[in-house]
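Take a look at this one chain, the form predicted on its own, written out in structure tokens.
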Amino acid sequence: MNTGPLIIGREVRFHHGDSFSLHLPELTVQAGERLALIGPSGSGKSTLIDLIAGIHLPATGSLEVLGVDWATLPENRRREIRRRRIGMAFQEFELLDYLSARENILLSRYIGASNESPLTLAQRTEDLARAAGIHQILSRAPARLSQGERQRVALCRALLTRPPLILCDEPTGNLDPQSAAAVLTLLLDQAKRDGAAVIMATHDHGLLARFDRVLDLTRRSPAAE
């Protein structure tokens, strides 16, 4: 289990044309920490999630994630690490319509992103689905699921391989309050059980009490640069 910082960022800057600029003088996230990202639309929450995931690279500064400086790796290597060691969940779920709920959860197995045996992953899928309250709908296609059920499938997929880092971008944004609370409980309880750090971007300040720390990007929005 990881015991030190999973993320170390120093003087991280990212620019998108002349319209957007993000500057983080320092960012440290410990193993097992629960960090919420807040700020208005356009403040950089999603951009920071993408930087931590290695989808984007900083223009300047250094960002070390899971012991690796993303800037030293080619895109295909960053993608491999992301698939194997980072769980990701988004507001729009990103489920594959032609797969069942079970197959969507097991996607890491099909794309070779896990070294676990098929039997182990199958059992883990059942355990997660039962914890999420979706074990009875695993054979259904995403089109036959409610918004809350789809998000629980997406979270089970993100949690399947017990990654040390889970990144979530507004995962409760499309859900009613009851479903949002259930999804967040699933995420944080399972992450704690596995010793994973969670970084979640959210507009819902009612969820912040569930996190160890809150990073407000308001003052890092373009207007503040």
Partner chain sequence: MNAAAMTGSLVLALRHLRHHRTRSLLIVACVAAACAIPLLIRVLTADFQKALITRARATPQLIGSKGNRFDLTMALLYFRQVELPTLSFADFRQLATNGGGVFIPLNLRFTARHRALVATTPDYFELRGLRPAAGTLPLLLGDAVLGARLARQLKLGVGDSIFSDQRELFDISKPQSLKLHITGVLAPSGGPDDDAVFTDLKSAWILEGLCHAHTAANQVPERLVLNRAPGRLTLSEELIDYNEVTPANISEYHLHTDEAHLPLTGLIFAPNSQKSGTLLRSRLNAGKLWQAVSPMEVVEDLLAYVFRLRSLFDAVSVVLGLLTAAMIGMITALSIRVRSRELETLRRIGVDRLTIAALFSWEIAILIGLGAAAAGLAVGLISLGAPDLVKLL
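Positions refer to the first chain, counted from 1. Nothing here was measured: the structure is a model prediction, and the numbers come from that model.
Unshown form predicted together with its partner chain; subsequent notes refer to it.
- Although the partner is absent from the chain shown here, R82, L96 and L107 each have a heavy atom within 4.5 Å of its partner chain in the predicted bound form.
- Within 4.5 Å of any heavy atom of its partner chain in the predicted bound form lies no heavy atom of D127.
- Though the partner is left out of this view, I111 does reach within 4.5 Å of its partner chain in the predicted bound form, counting heavy atoms only.
- Its partner chain is not shown here, but in the predicted bound form it comes within 4.5 Å of a heavy atom of M88.
- Within this chain, I55 lines the site of its partner chain in the predicted bound form, having a heavy atom no more than 4.5 Å away.
- Contact with its partner chain in the predicted bound form, defined as a heavy atom within 4.5 Å, holds for exactly one of D194, E64, E33, D50, namely D50.
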